[in-house]
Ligand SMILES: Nc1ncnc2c1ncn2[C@@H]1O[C@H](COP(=O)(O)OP(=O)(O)O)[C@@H](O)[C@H]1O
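Before any questions on binding or motion, here is one chain by itself as structure tokens, the form predicted alone.
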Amino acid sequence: MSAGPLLTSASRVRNVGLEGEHPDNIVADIARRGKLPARIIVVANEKGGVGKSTIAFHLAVGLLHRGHSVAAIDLDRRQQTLSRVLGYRDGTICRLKAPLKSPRHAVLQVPSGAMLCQEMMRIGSACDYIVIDVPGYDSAIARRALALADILVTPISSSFVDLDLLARVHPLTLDIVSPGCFATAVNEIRQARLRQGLGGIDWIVLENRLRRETSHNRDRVEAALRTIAPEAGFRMTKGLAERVAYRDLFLMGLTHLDLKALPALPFPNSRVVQEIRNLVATVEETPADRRCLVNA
């Protein structure tokens, strides 16, 4: 999906990224490094606590179950949530001699475009997909990850606080008042990619960590998202519900997709399995001809 029209005239004039860095410079830094055959999935949002690492983990493992080869890179060298859960997975596979696969994975220790591209080449050059987990704040390396993306996955909670990052809406009419900071950053990068002939980014916004019960607030958030989506240029889908089932397996690095291969563990929850499969199917819908430009 191409970038939507949700950029104010002020942002078009400004058109400058983090710390005065022009989006064209960010994209050029990536483009000059060549191509990788892998499709790049970037999981990013400038807000913490929305389940980015959980989504990245389940995407990586879900794609393995679909028969794809996968690498994963954790850009959060402080918390390293994705790297830790994949390390737990490696340990579980080894201890239980489980017939499971694990993606190759790494933590980016030096936050630069050159080092990110080197890590992608090192662990992902022969992979079908590379999943990149981005910390919940704006940074130069976060913007370079955006510039690399074939597919951008943005989890949000069912909250108008989260919605502000995509667009500010009128509290009564839900009309768009102005673009949000994250949507502006994404669309500046998308437009820079198009100017340099690199193709578009398929942007997917996930309503994540939803509780089973519906509410008036949730209905209003969904209505606002439907208004914002065509303007900002993203497609909407459901993420993973707020379930204990996801947390229970964290320390083993497992998903409910894995449990059929481990008869000593509880039987998989069919609803959870379907949620993960739906998530993976959503990213697999992205046209296959979108290829990321990256090399070390």
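Not measured: the values here are computed from a predicted model. Note that residue numbering follows the sequence shown and begins at 1.
The same protein also has a form predicted together with this ligand, omitted here; what follows describes it.
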37, 48, 34, 266 - the one with a heavy atom within 4.5 Å of this ligand in the model of the complex: 48
Non-hydrogen atom within 4.5 angstroms of this ligand in the model of the complex for each of 89, 93 and 255: no
Residue contact check: residue 84 to this ligand in the model of the complex, 4.5 Å heavy atom: no
Residue 247 within 4.5 Å of this ligand in the model of the complex, heavy atoms: yes
This ligand contact at residue 65 in the model of the complex, heavy atom, 4.5 Å: no
is_contact(residue 208, this ligand) in the model of the complex, heavy atom dist at most 4.5 Å: yes
Stretch in contact in the model of the complex with this ligand, which is absent here, among 255-263, 49-57, 228-236, 22-30 (heavy atoms within 4.5 Å): 49-57
Residues in 228-263 with any heavy atom within 4.5 Å of this ligand in the model of the complex: 240, 241, 242, 243, 246, 247
